[in-house]
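Form predicted on its own, single chain, as structure tokens, below.
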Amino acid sequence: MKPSRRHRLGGLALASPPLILVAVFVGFPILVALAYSLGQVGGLNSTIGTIATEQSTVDAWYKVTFGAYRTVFADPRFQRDLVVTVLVTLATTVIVVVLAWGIALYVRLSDSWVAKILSALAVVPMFIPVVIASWAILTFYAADGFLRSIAAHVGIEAPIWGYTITAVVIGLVWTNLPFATLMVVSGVQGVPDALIEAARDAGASIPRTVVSIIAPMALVPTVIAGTFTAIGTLGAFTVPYFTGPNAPKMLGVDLADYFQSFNLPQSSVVMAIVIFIVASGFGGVYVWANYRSAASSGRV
């Protein structure tokens, strides 16, 4: 039975307070920042417009300019860092999803104590502050860190990953793996035993059972884990700041440098909008996954 108009309006009224808060404290500042990137330096942007340097401005509220965007996109540093950010995001997302799936399958198909310990250890990084984890990763893989010290005792030349993009990927995998593991494990555990046993009785091997039965039914949690990992990685600051090199940098660190060190807030806002646009693509995948889940359960 379709809900009445009164019920729909009542539901909208109940959901409106958080929506209004998001609109006021998130949506409105985004619009102000977008206007600033398009040359509007008056009104709420007058303070930052007064102290900033190298701005592209307009002289009327109804005009816009894309000069700031042209300047940023013509900068070789931004082009390099944008490519690095996207590549690190893709690499981190793939590694996290693969590791989460490996843990989930091992926990699902094995009742051993090793599987239980592995599933518990996978969520430990969730309870360790990112700053502490970043510093630990840096000192572990630095030139005089634990890894090289141990390797030197046995006559092995270990690689130096401190202050490299490799250290950034390791740190981002560390911070994103717990949530992805929880999502994928819950999806894999939700597959009915009867379906798995029926596939095994029909002669399907374990890989075939995973591909044909488990993976399709755990697709939505996997997509959600992947999109959250990608979005979190795109805007990451702490891990790249502590463990990454001076160049190239991820855009999360870059826009902070442009704003604080170079006094180029308009360029930093442009970078933030670029990150937002790229993240919106991953967000679209997340929305699709939720819609697909709701459609399969008959809620839409």
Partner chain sequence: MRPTTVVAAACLAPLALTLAACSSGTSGGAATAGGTSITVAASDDTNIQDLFQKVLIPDFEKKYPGTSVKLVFDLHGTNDQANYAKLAAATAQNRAPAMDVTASSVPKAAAAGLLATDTSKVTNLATVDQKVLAAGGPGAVPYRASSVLLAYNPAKVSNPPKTLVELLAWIKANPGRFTYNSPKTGGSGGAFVTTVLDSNVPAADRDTMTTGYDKALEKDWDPGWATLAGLNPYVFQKGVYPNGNNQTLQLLSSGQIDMAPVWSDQFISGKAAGTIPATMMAQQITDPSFTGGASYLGVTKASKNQDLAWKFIDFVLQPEEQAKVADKIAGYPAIALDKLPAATQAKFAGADTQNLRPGYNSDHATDINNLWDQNVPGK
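This structure is a prediction, so every number in the text was calculated from the model and none was measured. Positions refer to the first chain, counted from 1.
Form predicted together with its partner chain: not shown, discussed below.
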Touches its partner chain in the predicted complex: residue 280 (any heavy atom, 4.5 Å):
no
In the predicted complex, residue 77 touching its partner chain (heavy atom, 4.5 Å):
yes
Does residue 199 reach its partner chain in the predicted complex, with heavy atoms at most 4.5 Å apart?
no
I'd like to check something about residue 241: if you look in the predicted complex, is any of its heavy atoms closer than or equal to 4.5 Å to a heavy atom of its partner chain?
yes
Exactly one stretch in 142 to 150, 126 to 134, 98 to 106, 84 to 92 has heavy atoms within 4.5 Å of its partner chain in the predicted complex; which is it?
142 to 150
Relative to its partner chain in the predicted complex, which residues of 48 to 65 have a heavy atom no more than 4.5 Å away?
51, 54
